[in-house]
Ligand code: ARG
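Given as structure tokens, the chain that follows is alone and in the form predicted on its own.
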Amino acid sequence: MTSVLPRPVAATTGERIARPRHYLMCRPEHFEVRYAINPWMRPGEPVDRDRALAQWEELRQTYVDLGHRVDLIDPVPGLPDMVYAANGATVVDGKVLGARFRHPERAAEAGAYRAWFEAAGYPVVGPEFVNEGEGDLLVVGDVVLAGHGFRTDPRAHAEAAAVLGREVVPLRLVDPRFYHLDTAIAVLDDATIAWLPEAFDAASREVLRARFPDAVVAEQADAAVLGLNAVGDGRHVVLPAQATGLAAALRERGYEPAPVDLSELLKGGGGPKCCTLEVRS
């Protein structure tokens, strides 16, 4: 296990407050697109692994430069999607709800992430139902937004509430391009999100509008480059460099965009958030 300790960071810019975070990431040493389990994956399209590694390293360094702690899990040969660490678990108050993947191609990742957390001394609960970690379970303050429709089993929502001790709010995704919740919602701070309304059914849109009336609404063009697959610390928002409209909207709201180019990893259907699992102790 490799650990990078946080460096000091300025606390505020206006009303925006950055809080140091603890992240778990996995180098894309075995990254490739050899099967298709989401609309972004095209097995016939070449993948430049060296470029993927360089882009991933830029993301990791961005977190370090912003004052966050980054731990690394060893990549496992034969698991090309293990770089998408967000799917490996959900961690709240030091309690770990392990993942269970819908597709057999990713099933072994769950055990690898569980072993890392157990070795690090965290209590881990293995799930009964399919949940794909922070891909579909997004923590916003004291609430967990819980996606379903493509990957996570709706029955996993009650399981998450019991294990994590938080209110869980179910949300149904309806656009296969946004197959995980973290492709349609970005958590900016403990009370604010950015989102794409068209990714949800009508009932879920009503819920989100009622709970987050001041949310940043993304444009289709930015969502289409996985611009909402972003990571916020309360002040900074690390997001795909191609999501220029969303970056401008965030800047207008007092956030500081930190763009990174993860175009190579986008070929597997992931962006900054997919590569980043937050460890909330």
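Everything quoted here is computed from the prediction, not taken from an experiment. Note that residue numbering begins at 1 and tracks the sequence as displayed.
One more form of this protein, predicted in complex with the named molecule, exists but is not displayed; see below.
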| property | result |
| --- | --- |
| Partner proximity in the model of the complex: residue 157 to the named molecule, non-hydrogen atom cutoff 4.5 Å | no |
| 4.5 Å heavy atom contact, residue 61 to the named molecule in the model of the complex | no |
| is_contact(residue 87, the named molecule) in the model of the complex, heavy atom dist at most 4.5 Å | yes |
| Interface membership of residue 274, the named molecule in the model of the complex, 4.5 Å heavy atom rule | yes |
| Among the candidates 100, 151, 166, 114, the residue which, in the model of the complex, approaches the named molecule to within 4.5 Å (heavy atoms) | 151 |
| The named molecule in the model of the complex: contacting segment from 139-147, 191-199, 175-183, 204-212, heavy atom within 4.5 Å | 175-183 |
| Within 213-240, the residues that have a heavy atom no more than 4.5 Å from the named molecule in the model of the complex | 229 |
